[in-house]
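Single chain ahead, by itself, as structure tokens, in the form predicted on its own.
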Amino acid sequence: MKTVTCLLVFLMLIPKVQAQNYEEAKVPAYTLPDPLLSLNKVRIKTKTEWETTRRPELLRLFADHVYGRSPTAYSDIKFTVTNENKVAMEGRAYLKEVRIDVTQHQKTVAIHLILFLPNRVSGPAPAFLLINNRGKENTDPTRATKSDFWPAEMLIDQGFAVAAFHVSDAAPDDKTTFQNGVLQLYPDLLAADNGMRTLGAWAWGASRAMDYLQQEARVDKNKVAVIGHSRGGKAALWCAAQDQRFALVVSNCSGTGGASLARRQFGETVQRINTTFPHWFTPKYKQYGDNEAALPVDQHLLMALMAPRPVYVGTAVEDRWADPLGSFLALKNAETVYALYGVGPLPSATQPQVNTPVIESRLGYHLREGVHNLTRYDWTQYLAFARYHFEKH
């Protein structure tokens, strides 16, 4: 009886502990690393200096301290169409299911890509690739099950190709079995304190999907966007930072280790995320728990690594754990790098009001009503953002 009582008291305290992280007044004073100041204290003044000096060193810092180093090679990659339907969605789409076999050190890992191509579009179509961290039924190729998490019909009807793969193909989202995916091919990374873990593996998997999309004749290889929600949104940002073939990136409700500034310590902190999900980040990231000020990077620098490409961050009012304001501030603090390319700042100096999306800007943002989710409202804004930028080029 005493044990039950103690447990109930503990459970009642959890919301109070979390609520302490939801008070803006409790955000500590912090100083963000300067996007335009190199490790050698040299001021970056041009896009050439950014691309040759600061950008490469930031990629190394994020790899070494947050997401882990990614593989740079594999011995073979093979694409096999395992199923197709030229009249899917009542004739509006062409379905292709593709197995992507990647081989290294005589071991092979398969990533299963689902791709719908719009039949009513003449010529190559722009595309969205979803890193699916929810159940596989959300990206059902038969369309017997439909989900607003991946409204494939909506994208097809607007002339977009729509693709997805499930994160478990690249790395199981489990602290005891995460190594049973891509990391089987790279035991040296698994052994390293700065080697990638699941988020890095998911980002790597998205790039292998991009390998296929680059050679798919009905996809415009210069207009492919990568998108993810929550933990998938973290991986989408890291993927696009490394892989500049992605022309646009969308990160939805991605929070700590995604779009939100770590130094704000608002909602989920570095300590909390590494305790709950020890398999997500490189082991070295754990040393910054309750020590965010020592991080050599923060998420505004991850946004800056997208420059000059469009990046959109979606947040939700009730998703305070993911710190919507911290995500907006990360975008704002990336503006100086975009300015090197002649790209103007976000049109709003302060966080936009609820349901007032910023679309006509290279740095896009919205704060919608509701909870932590990827919704039809979100997709409507992301499609508008992609159309705005893709149709200009």
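Only a predicted model underlies this, so the values are computations on that prediction, with no experimental measurement involved. Throughout, we count residues from 1 along the sequence that is shown.
From this point on, the text means the form predicted in complex with a small molecule, which you will not see here.
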| query | finding |
| --- | --- |
| Option touching the small molecule, based on a heavy atom within 4.5 Å in the predicted bound form, out of 139, 265, 133, 282 | 133 |
| Contacting member of 249, 155, 273, 109, with respect to the small molecule in the predicted bound form [4.5 Å, heavy atom] | 273 |
| Heavy atom of residue 321 within 4.5 Å of the small molecule in the predicted bound form | yes |
| In the predicted bound form, residue 74 touching the small molecule (heavy atom, 4.5 Å) | no |
| The small molecule contact at residue 230 in the predicted bound form, heavy atom, 4.5 Å | yes |
| Residue 94 within 4.5 Å of the small molecule in the predicted bound form, heavy atoms | no |
| Stretch in contact in the predicted bound form with the small molecule, which is absent here, among 179 to 187, 214 to 222, 98 to 106, 273 to 281 (heavy atoms within 4.5 Å) | 273 to 281 |
